[in-house]
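Okay, here we've got a single chain as structure tokens, the form predicted on its own, with questions on binding and movement later.
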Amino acid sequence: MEIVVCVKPVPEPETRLRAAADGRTYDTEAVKFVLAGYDESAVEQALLLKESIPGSKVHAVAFGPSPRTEEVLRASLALGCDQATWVEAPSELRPDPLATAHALARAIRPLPHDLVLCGKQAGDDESGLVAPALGELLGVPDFGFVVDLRWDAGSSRLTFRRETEAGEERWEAPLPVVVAMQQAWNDPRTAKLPAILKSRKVPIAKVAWTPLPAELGPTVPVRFELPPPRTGAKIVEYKTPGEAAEKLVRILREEAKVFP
């Protein structure tokens, strides 16, 4: 099976972001970028399928500026991906999901791809739009919020579950298909030092960025601002869970006035 996995660099979750000078986006200076959390599950799922299906290969593809995009691709190679392709983007570019999907689709089309895996959403914009747009651009079905993705050799189909607000769905799907992962079989693995060192020497294919046609025009962020700081927090000291519950109920009733 030829598997393509799309990855994206996002700010480390513990990073304290601040607005950029234009007030429209966040400032990327002094921000550490890492592989997006759900993308880690997509990479892990790709590697699990590779290990379970003889002859399979995994190709990591990313779109973004230097150096952070190259770093997440090398992190993917260190985890076990076989090849990597980087769609280069100008450092000043702030692509929207549609522009990202177009850039990824342009890189993926010439590659062998039975299965395209993505994270269900990225940790910076939380849009969840790239995978469905990618499916549309590649002309194949797409499924989101997927867990427990497996290959059934007998039927030559993928089997998986989707966790939705309405309940759990069970699906079968033929190839090719785009799948947005919520969770792989296992927790994402950690790269070992020899693999990290080896990944530094692997050549990465590069694809030049091509702007979207004018009629598709990019969406433009209007404003970026942090939520107001929280105030009024109160620490409840206690020795037993029962004492904690009693104090909390009293505070909610007498001070917060949420109980009659």
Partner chain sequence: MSARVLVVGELRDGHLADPTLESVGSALALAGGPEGVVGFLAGASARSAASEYGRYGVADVRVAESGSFDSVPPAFLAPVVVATASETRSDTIVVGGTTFGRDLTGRVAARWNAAAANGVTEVRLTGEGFLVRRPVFGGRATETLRLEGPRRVLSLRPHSFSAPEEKPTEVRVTPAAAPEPAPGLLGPKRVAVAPIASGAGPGLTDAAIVVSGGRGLRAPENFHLVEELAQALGAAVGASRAVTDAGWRPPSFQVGQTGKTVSPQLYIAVGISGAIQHIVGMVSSRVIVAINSDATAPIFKVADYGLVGDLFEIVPALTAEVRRVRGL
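This one's a predicted model, so the numbers in the text were calculated from it and none came from an experiment. Positions refer to the first chain, counted from 1.
This protein has a second form, the form predicted together with the partner chain, left out of what is shown; the following refers to that one.
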Quiz item: Among 107, 78, 89, 129, which has at least one heavy atom within 4.5 Å of the partner chain in the predicted complex?
Solution: 129
Quiz item: Does residue 226 reach the partner chain in the predicted complex if we count a contact as any heavy atom within 4.5 Å?
Solution: yes
Quiz item: At the 4.5 Å heavy atom threshold, is residue 219 in contact with the partner chain in the predicted complex?
Solution: yes
Practice problem: Verify the contact flag for residue 20: yes if a non-hydrogen atom of it lies within 4.5 Å of a non-hydrogen atom of the partner chain in the predicted complex, no if not. | Solution: no
Quiz item: Given that the partner is absent here, does residue 94 sit within 4.5 Å of the partner chain in the predicted complex, heavy atoms only?
Solution: no
Quiz item: Counting only heavy atoms and a 4.5 Å cutoff, which of 110-118, 70-78, 148-156, 168-176 contacts the partner chain in the predicted complex?
Solution: 168-176
Practice problem: Could you run down 84-110 and flag each residue that has a heavy atom within 4.5 Å of the partner chain in the predicted complex? | Solution: 98
